[in-house]
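Look below for two forms of one protein chain, each set out as structure tokens: first structure 1, then structure 2.
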Structure 1
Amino acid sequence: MTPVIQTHNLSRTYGRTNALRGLNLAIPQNSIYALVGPNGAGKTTIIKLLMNILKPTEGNADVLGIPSTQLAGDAFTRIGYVSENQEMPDWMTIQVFLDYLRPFYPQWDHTALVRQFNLPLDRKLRHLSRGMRMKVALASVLAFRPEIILLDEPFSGLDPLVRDELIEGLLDRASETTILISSHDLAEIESFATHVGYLQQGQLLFSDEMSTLSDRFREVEITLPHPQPLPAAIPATWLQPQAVGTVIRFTHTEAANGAASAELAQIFPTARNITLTPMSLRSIFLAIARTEAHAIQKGREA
């Protein structure tokens, strides 16, 4: 199946700053793809490139089979976009705003969304809380049933109840649309995303189905009969290895096939106990981020 979003060596620079470097990404149809990473990693840049708000410095992207640099007019009746700081005409009431948008979209219907999000139609946009503004913004996208929805940090600064309502609204449409969402809310993302990509300093470190990622990563703890140093040649699949007394701990990045336990037993034949514990999405990303930060620091010191 052809991906609905695909990039080839997509890059973007701002002066001497590489905001995005050689991104190769494929997002399958009807997936909920979470793009995560620290501030400044390039998540917003990617979404703006896909929306043709920015032009790439190198490479290209296709959205629904259309080059992103050619997106215009009718193409945006198939693509929804909500940003963290969504701009809306504050002088309008919610009712006037939704009625204003209706003629632009042939499949527009906001009636059920008004009830679902409990929108006060007579209230002006300037008087809404951040949570209510995000509800209105999302309703204005869901109302025309786009084939793709791009969401840039939609949950930032929202209380848990509002986040749950927004997620429920997205999941109601998940069978008929593809969703790309950038977010720092790892716990929320883990609860509903089908795919995840980790961005670090403008580079995509990995892109996996959520289930595959959960199977791959394990926290490893090995208990030995006496203190023992780490192996001289540490496998690349071990992140943050440390030996403390008789215990060795690290994150294993390729533990999915069941061979990890046998591998570890061979490396540590005297081990009294070897445990491999599943990891949360947050724990996985912290392990990756700390490893990358340590590598960068070593590079600077070299």
Structure 2
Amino acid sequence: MTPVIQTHNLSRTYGRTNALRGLNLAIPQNSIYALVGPNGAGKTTIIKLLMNILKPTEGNADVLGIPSTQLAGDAFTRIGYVSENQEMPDWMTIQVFLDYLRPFYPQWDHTALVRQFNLPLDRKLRHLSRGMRMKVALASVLAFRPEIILLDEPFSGLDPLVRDELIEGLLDRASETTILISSHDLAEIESFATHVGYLQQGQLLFSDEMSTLSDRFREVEITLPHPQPLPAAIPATWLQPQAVGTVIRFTHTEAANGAASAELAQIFPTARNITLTPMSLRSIFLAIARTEAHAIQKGREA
């Protein structure tokens, strides 16, 4: 499928800080792509680069086939953007705000959205709660039926009820649009994302379909007859290997095919028991994050 967002070696520095390093990303059409990573990983930077709010230091990105640095004017009738930090014209009421935006777009309909999100039209934006502001922001994007919606931490700090309302509003349009959503909380997006990318310290550690990811990662536990140290050459596909007494545990990153069990049996011929357990998305990310943190620590010590 043709990606609607594609980046090549996309990088951005702030002074001497590398906020984003050589990002290569492809987001297929009609997917819900969750960009996950801890705070400061570079998620907001990516989205702002894609929106042409920031300019890349190196590399490039295409959004709907348009180089991101050329995105302007009419191109934004096809792209919606919602951010937790967006500054709105606070002096406007919701009604005035929606009416003001309407003439900028060839198609616009906010009537159903006002009802769906239960928006108080006569309330000024400056008097709205955080949850209500996010609902207005999302409604003002969904109203013009964009081909792509970029959401930067839209659920951060929201109560579960509002979050569910926003997700519901998004999913109503999921069939006709591509969604890129950033979050530092896996639980927020695990239930509806079709693709996921994990970003840490400006680098994309992996990017995959959710279903493939669940298939690939397994928690491995090997029980041996006698205590035994870890093998000298540990494969790169084993994350966080630990030997505790007669038990060896690690996360296998390529356990999608049945060959993994046979491979492990070959390495540990005396093993009494080998179990491969499916992992939750949260466990997968924790394993990846800890491995990376360990590697960085080792790198610093070296």
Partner chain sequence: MNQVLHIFKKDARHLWPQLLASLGFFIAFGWVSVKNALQTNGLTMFIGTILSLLVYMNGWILTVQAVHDESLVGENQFWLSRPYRWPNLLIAKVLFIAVFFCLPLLLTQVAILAGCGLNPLASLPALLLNMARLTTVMLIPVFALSVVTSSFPRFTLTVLAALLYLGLLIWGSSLLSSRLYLNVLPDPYSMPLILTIFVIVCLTAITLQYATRSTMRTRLTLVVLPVCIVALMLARPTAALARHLYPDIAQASQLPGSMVFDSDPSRQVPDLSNGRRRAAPNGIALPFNFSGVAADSIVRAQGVQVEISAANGLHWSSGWQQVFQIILPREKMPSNIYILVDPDFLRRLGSTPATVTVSLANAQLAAGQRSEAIAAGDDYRLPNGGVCAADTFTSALRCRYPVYTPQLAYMTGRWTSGPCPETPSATPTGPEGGVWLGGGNSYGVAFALSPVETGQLQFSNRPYGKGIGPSFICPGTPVSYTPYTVVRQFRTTQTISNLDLTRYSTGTVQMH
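Since the model is a prediction, treat every value here as computed from it, not as a measurement. Rigid core (definition): largest C-alpha set, two forms, superposition within 1.5 Å. By convention here, residues take numbers in order along the sequence of structure 1, the first being 1.
- In this pair, structure 1 matches the form predicted on its own, whereas the other structure does not.
- Core-aligned Cα shift between structure 1 and structure 2 at Lys124: this is 2.5 Å.
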